[in-house]
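Each of the two blocks below gives one form of the same protein chain as structure tokens; they are labelled structure 1 and structure 2.
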Structure 1
């Protein structure tokens, strides 16, 4: 028998890389490095910008746990001495416990939110779906009211509410919301309603539905993002409103949170800065929670109403 030789492996040498290929590889690596550096700089800038925006809040939080003598002596964020008594002292420092002012603000905010949701949605449905004489004219007049500052109408409002004996009640703050006085929210909902196909209205009319049923059973469920946006903005604006509440509420029993916080600052004597900052942190908690849980509806509502 003859032995069969094992075939040897055949190897092929790689052709030398051309100069053009090396140049392309070098250019790709350089672009990756530039992209990574640009991304890192953008993130660093965003972190720095976010820290600058949050610094006042962080400083107020740090000052709320400092003794009064160290608040302005040590302006840093890390306190050398922690004093939690500012929260307990601030809670009972005024004529009433601070919970009283939180409840007053909650009543005002709840009335404003419900008023805007009902009245502004009804007015928006009328402008978006109903046909009546002068619709465009009245819509333009409504938009022009956005440019009116509160200081222009506060005096006539005070005279009218004083004749109605509504001063030192929550009615001057809540009743105007029931009359669709916030043109911004009407415009926001009009834009949203115009994006809903009219075929849904026509199908509902074939089934015998009127405007009330179309508004309640078709428009309202579909307008949830716009309603959530209205509720969140109304909550934040009404909770932080100081000027209107200062004008119409003069009795300490009717004070809301912004006015109660103002009473911690004494222009003639010593101010309780630690208690003021502590109660300011407490008053921010409801706003933070509302924005935290309603953030996705807020973004969706603004994105789908044509406001860019």
Structure 2
């Protein structure tokens, strides 16, 4: 609807007509031109801004196709020498082909996404829609759990998971998500659930629906943007999470992408920067695709479902 070509086409197609009609038509055309210009400006702005946002990625892409030695000597955007060996070398540089780390990361990430979607939405429903004793207290406790830096929690956690013999499995990374320990998402969904008009569940209650049905048949579909947000964020954060994966996974065949990427760089000796950039690009692709395709669900909320 903001097609740049439309106004001129309309003008050309115009048959000769009476003066007063023409005035009106010109008025419309002017408005169209104006809106086209605004739209073009807006796009220009967005593109320019997009370039600023994209620069780092372009730079990383450029660096990933430079020979290792040129990355620092010629830091500009246009490579003087193109060399794809960073990709082939990087793929097989570590003990396993890089696909192994991608698969491991995918397993962890899918487990986390599923866990967070189910467990956090259940907890959020209780906080947003149910009345029970100590609700304020538990809500405060919930927020408190995300206020301690991970660095002091990780050692006790390691000890605990070590006792359970969960070290070097994906369990310490996935099970906590199944048990709603990511309070961030509970809070997120509480805020969204509370934005859903209560008339809807009141109506359902009158029809005899219980909380389980309201949760499943009304809240979940209506909170699609919140669920999509949760899924996307969980995906990205788990995909990029270095610290806990480093600590809990000890054998190379269980390593995930972030750990694998770090092992290209050694501050005390030689680093394979080219391979690091190349594999970083490779590991960005799935995340970017998830975001690109997932983001349309962000906008399918109450606004686009049948209920109005």
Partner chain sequence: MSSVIQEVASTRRAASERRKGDGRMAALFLAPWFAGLFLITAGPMAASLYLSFTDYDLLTAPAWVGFDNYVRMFEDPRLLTSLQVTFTYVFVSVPLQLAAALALALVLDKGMRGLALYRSVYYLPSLLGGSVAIAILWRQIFGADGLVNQVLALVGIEGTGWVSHPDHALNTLIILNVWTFGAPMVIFLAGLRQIPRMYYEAASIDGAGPIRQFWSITVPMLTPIVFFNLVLQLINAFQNFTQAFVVSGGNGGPADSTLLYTLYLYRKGFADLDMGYASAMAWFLLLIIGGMTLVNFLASKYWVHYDD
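Quick caveat: nothing in here was measured; it's all calculated off a predicted structure. Numbering follows the first chain given and starts at 1. Here the rigid core means the biggest group of C-alpha atoms that line up within 1.5 Å when the two forms are laid on top of each other.
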Return 1 or 2 according to which structure is the form predicted in complex with its partner chain.
2
Shift of residue 243 between the two structures at or above 2 Å (CA, core fit):
no
When you overlay the rigid core, is the Cα of residue 282 off by 2 Å or more between the two structures?
no
Rigid core fitted, is the C-alpha displacement of residue 163 between the two structures 2 Å or more?
no
Once the two forms are overlaid on the core, the CA atom of residue 34 shifts between the two structures, in angstrom, by 17.4
Per-residue Cα shift, residue 207, between the two structures [Å; core superposed]:
2.7
